[in-house]
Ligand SMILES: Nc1ncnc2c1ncn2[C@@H]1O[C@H](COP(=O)(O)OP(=O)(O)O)[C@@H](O)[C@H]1O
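The form predicted on its own is given below as one chain in structure tokens.
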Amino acid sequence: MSIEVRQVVRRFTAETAALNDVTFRVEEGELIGFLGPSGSGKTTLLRLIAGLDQPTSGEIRIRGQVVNQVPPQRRGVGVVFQNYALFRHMTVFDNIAFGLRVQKRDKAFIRERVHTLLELVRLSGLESRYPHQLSGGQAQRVALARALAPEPSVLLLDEPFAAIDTKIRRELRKWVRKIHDEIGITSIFVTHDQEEALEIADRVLVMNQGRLEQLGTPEEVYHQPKSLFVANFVGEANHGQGTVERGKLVVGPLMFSVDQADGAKLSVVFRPSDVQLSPVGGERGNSVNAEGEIIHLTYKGTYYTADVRLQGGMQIQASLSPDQTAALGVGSRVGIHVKRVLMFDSEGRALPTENAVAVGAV
């Protein structure tokens, strides 16, 4: 079941557009993550697709049919809300069966369908419990089973893991990905958690202030951001600004060779994983772009993040393996080599970076 959004605008007031000229397509069987900060328009967009709200202008198509005026119950869409919205007075069985009873399916079909879904979401044996007797993760799975019960063509999830603790959230999102792969339903989920979006989505749609910034695979969004906003929002990033002079961009104590006209004002972004640190000692080689001091180490489980203060007070972050911290601790003087950079013009648009390389210190 493909979904098309064409030049959609949603205004709540004449002055403010919650969505502004949004256009994209979701292919059949895809799992798409809507990613963006609070107020970016991602939940508004989900509600428009679900039929819970109407666009001010533009079209929404499901399987080629314009559904702007089609009510939610006739769109073939299942929705899982952030707060689960389970019926407190109903058992797990009755919650899951609710949509099937609305469809007036016969009792034998309902019983078989509910038990099939209980097995799918690993809740067999809990069908007689009430919502208050469930954990957050179990309640979320009941909500998912209820959305899947009427066999929708599209599954929409609004911040489905936001109210669950970190460990259970990680387990649930892997589980949701597995369920999606098993049933092959076209799915969209809203999140402000970049790790969540990058981990389970086939493609990520990044939104900012009602506009679509980029739609691409997790790898494209992380390594090839189309805008300065995406580069800074998705993943950890070091950033700075400068003006090109004689083919060089100076950002603090760092200098980059760029293929841009003199006077151009550019922004530079580089990931902590693209910063290589080495102990200072002996003659500084060409691979070292600047020197600094490690002022803090943050343990991340499989790696450390080092906060490094450069000459002039500029600070950057670099990733270190546990083995490297034996030689590079807090207070260590280090050489800094930036292996890869991203460049953006004064409007925040990505520039080709083949010739943008760190060439030395100022």
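Heads up: residue numbers just count along the shown sequence, starting at 1. This is a predicted model, so every value here is computed, not measured.
The same protein also exists as the form predicted together with this ligand; that form is not shown, yet it is the one meant from here on.
> Answer for residue 18 alone: is it within 4.5 Å of this ligand in the predicted complex, judged on heavy atom distances?
Residue 18: yes, in contact with this ligand in the predicted complex.
> Are any of the heavy atoms in residue 43 no more than 4.5 Å from a heavy atom of this ligand in the predicted complex?
Contact check for residue 43: yes, within 4.5 Å of this ligand in the predicted complex.
> Answer for residue 302 alone: is it within 4.5 Å of this ligand in the predicted complex, judged on heavy atom distances?
The answer is no: residue 302 has no heavy atom within 4.5 Å of this ligand.
> Applying a 4.5 Å heavy atom distance criterion, does residue 37 contact this ligand in the predicted complex?
Yes, residue 37 lies within 4.5 Å of this ligand in the predicted complex.
> Which is the contacting stretch out of 43-51, 333-341, 316-324, 57-65, given heavy atoms within 4.5 Å of this ligand in the predicted complex?
Selected stretch: 43-51.
> Which residues within 109-147 place at least one heavy atom within 4.5 Å of this ligand in the predicted complex?
Heavy-atom contacts to this ligand in the predicted complex: nothing from 109-147.
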